[in-house]
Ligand SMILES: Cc1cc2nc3c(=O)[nH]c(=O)nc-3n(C[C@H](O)[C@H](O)[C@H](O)COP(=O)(O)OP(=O)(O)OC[C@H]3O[C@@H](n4cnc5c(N)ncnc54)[C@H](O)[C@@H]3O)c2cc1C
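Presented as structure tokens, the chain that follows is alone, the form predicted on its own.
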């Protein structure tokens, strides 16, 4: 008996663990919900619900392949040994899984692998979270890339040389039946993610349609949050319902020669997928990032103001800066935020409110349906000018000019801030004159003054570190 342990790879296509197991012989599968461990990771309740719903859909998809999937309700990672203890009498020969990169998950796997070996059970792991696995290419000196542009150049060179391989869905086996086991059945979620589909064929159609019909406009439209111009596939990449290799292969198939044009929509979307790889490579090379350490050690000396009232105003979308507030309302109400706005609100928290980036990083994880540690940490450290290939500390987004540029008629702001729905377009980006909306909050800080404080904070930290 082969056992596939599904974790962050909730799919039947391009699943190396599933394919390898079924090639060896009769296969069963396992998924264990670990809500306490998820909470330790600050996982958003909406993402937890999406995982549970996707696991239920996966059970039906695996059943069509003759593979029974046990959906087990656990507590935390410490409960996993008891789950496997209940499975061993079935005659498990080998456990198959996809590797995970985060520190707790690495420690979990090391302990379980050792214990399983003591029980005479093997463990086969694959590494396919990225287009190209971490460590598969490095700089000329043998180090991991710390800057995105040369990383992307090397990534594209490897892509040109060998492309990416997408594995087929395995052929069905004779339906396997297993006896009832004394394991707690996975509980349903709260349906907070109901707006997001979970059936695999639907997700594949969404990917195909995006690459066929909309990706060509991605470069021109992607920064305007009022437009439906992005793929919205990030939640499925975050839990492995789609693989990044599937996205790359579909994009290459549909885009054709336009993928080679640097300013094409297809090329720019590919670049975003490469950013995703970059942050995962960085996490593997510098595992202390999982401990919330800044990549640039000297920035640990910055003395953030950390005003709880200002942080709460930011969380609640009540800063008096309409684009920031609308973005936070989008996050709080929908569990998702447009990528341009993630940069704007992160910059505002760190460089206008002078609050430690880790406060924002954690809040995002607690709300985002597409929360992914590597991407979230990388994005926050980029915005805070503390990370690898970070924005220069003197690059500070002006939230008003960002609003005027990327939401010129205020359509996005009006969608999420009903109090400003009737505000004229020429005033909506700064509705604080005496004749404008009285009910909207006054600005919590002056951007120009806050900018000067930010520059001083970074300069002081640099001087302190020589």
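Bear in mind that the values here come from a model prediction, so they are computed numbers and not experimental data. Numbering follows the first chain given and starts at 1.
Below: the form predicted together with this ligand, not depicted.
Exactly one of the stretches 387 to 395, 285 to 293, 268 to 276, 136 to 144 approaches this ligand in the predicted bound form with heavy atoms within 4.5 Å, and it is 268 to 276. Among residues of the shown chain, residue 342 is one whose heavy atoms approach this ligand to within 4.5 Å in the predicted bound form. Among heavy atoms of residue 371, some come within 4.5 Å of this ligand in the predicted bound form. Within 4.5 Å of any heavy atom of this ligand in the predicted bound form lies no heavy atom of residue 211.
This ligand is not drawn, but in the predicted bound form it has no heavy atom within 4.5 Å of residue 221. Residue-level contacts in the predicted bound form: of 246, 129, 230, 264, one residue has a heavy atom within 4.5 Å of this ligand, and it is 230. Contact annotation: of the candidates 299, 330, 193, 376, the single residue with a non-hydrogen atom within 4.5 angstroms of this ligand in the predicted bound form is 376.
Within 4.5 Å of this ligand in the predicted bound form, a heavy atom is found for all three of 234, 336 and 364. Heavy atoms closer than or equal to 4.5 Å to this ligand in the predicted bound form belong, across 345 to 362, to one residue only: 346.
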